[in-house]
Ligand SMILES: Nc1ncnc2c1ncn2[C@@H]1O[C@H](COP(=O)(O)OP(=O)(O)OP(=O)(O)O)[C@@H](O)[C@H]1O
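In structure tokens, the next block holds one chain alone, the form predicted on its own.
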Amino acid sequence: MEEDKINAQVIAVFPNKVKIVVDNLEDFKVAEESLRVGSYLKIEDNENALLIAVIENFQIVVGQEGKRDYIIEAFPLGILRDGKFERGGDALAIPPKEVKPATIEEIKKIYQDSVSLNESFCFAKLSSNKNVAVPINGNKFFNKHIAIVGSTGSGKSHTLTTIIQKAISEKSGSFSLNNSHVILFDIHSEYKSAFPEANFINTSNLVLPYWLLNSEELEEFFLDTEANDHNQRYIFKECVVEDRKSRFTGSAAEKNNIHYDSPLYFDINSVLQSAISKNTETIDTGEVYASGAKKGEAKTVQGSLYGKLTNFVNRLENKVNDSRLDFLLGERVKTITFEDTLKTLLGYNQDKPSNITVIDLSGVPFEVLSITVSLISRLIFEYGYFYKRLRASRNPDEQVNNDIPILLVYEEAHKYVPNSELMKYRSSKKSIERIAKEGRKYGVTLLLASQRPSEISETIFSQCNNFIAMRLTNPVDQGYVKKLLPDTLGSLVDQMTSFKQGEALIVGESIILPSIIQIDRCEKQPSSNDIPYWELWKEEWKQLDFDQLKIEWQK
């Protein structure tokens, strides 16, 4: 395109809008590119800064003499100055001197030059032009918390799958297994098909020892925390600590340091028997009955807790006898070690190490879902903390806190960390909020995926530095996400309601420009595809094996 054909002028610059007047749209266009809503413009100033803007709309203005001018309104994504990107358009020196459509090659170069090759991580293309790959900074993406939000059917599960599949497959050498470590909480049993080689854990092989629960988790699990019964709390704590000490084989000094939160084995059945004993305790007064039917028998009085622990005992008995809770209370938890528990969660199986651990929570009873997620999350956080301490003790000059960093992925995150103060969510909220606030420095980060972002704890969501916002149709969720995203995004955020499947707005420290992208298709898909109701209903009547269904139901 020749210089004399550039017939556009900037007539107004705002922080969130640039107005341009063009007298001949055909001359303004780049020959090989089409000009439309979503096309990119580049605007230069006298200080060699380059403003990149996206066309939002245009109008035709007819003058008194019938001359037509075109008014283009563009949203400023940011300014490139000396190779560095600044968000917003208000730093542009006035007056801007030149406006041109940006060619595809120029847009490609902006993205490619924004990140070095060894830090580049790519899982999407530019939505307006699928020939433009959109690389992001992999370090800044994974070492900060990530949020993926979108309504049902927007493509969240496929996006999550694509990101993880690409992360665990990329290598900096010729080895077979890279050093990525991902733990995925799968609440709907969707991801086994997407990660067939994963370390797959469900209630049939999950072993989470109850004795690894901390004091708050123990009380939430075993006690009626809403009853505010101090007797049951005191007795439970006393019995747990005493049983731990009785089984400890170390020195006397170490035994004295055992406390309620010590991650040491105790027998829940012994605690139950102690509670039953105190609930039925009678005390010999030292006297005997002198007459009557009880003549000669010892006189007794009821213990101070007689009959006061009945609800506690019943609750404890129900837990111990509930076969659904075998993964927490069964025989296997008595023999598994702390190290084996951690190895299983981190994918360090002797026969087959794995980059990704998929924890299928679909079989976990809802009343212990929070406890289960809390325990696993807390163990991984504490792994990061103590591993950092270990590395520092070996080398005080160590700069990398954790050379085996972990990504925790919470699918349907609003189920574990809702914006609610109910006691049943307290444990998981506390564990995950702690990771959100402190996990990064210990090499433990979060990826939260949710169709209801407005229902997620704001403490956790506000800590996310990278957002992938897909189609959102609920006005409450739209408003909540807009509040969390930078104000400078303008109408880009408004487009979320009309995104196609797999289309998303990506914003954050990891990407040079806020961009509307199309996520690449995943290699193997999760089993979250829509059921073709109408096609299935038109088929011949299918028989249902109720006997096998019952067996599966009652496993």
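All residue numbers are counted from 1 along the displayed sequence. Owing to the predicted nature of the structure, the values given are computational and were not obtained by experimental measurement.
As for the form predicted in complex with the ligand, it is not shown, yet the points below apply to it.
> So which stretch, 36-44, 507-515, 58-66, 494-502, is the one near the ligand in the model of the complex (non-hydrogen atoms, 4.5 Å)?
Replying inline: Contact criterion met by 494-502 only.
> Quick one: does Thr152 come within 4.5 Å of the ligand in the model of the complex, counting heavy atoms only?
Replying inline: Looking in the model of the complex, residue contacts with the ligand include Thr152, since a heavy atom lies within 4.5 Å.
> Is there a heavy atom of Arg244 lying 4.5 Å or less from a heavy atom of the ligand in the model of the complex?
Replying inline: No - in the model of the complex, heavy atoms of Arg244 and the ligand never come within 4.5 Å of each other.
>> Considering non-hydrogen atoms and a 4.5 Å limit, does the ligand approach Asp477 in the model of the complex?
In response: Output for Asp477 is no: heavy atoms all beyond 4.5 Å of the ligand.
>> Even though the partner isn't displayed, in the model of the complex is His145 close enough to the ligand, meaning a heavy atom within 4.5 Å?
In response: It does not: once the ligand is placed as it appears in the model of the complex, His145 has no heavy atom within 4.5 Å of it.
>> Given a 4.5 Å distance limit between heavy atoms, list every residue of 394-416 close to the ligand in the model of the complex, or none if there are none.
In response: Contacts from 394-416: just Glu412.
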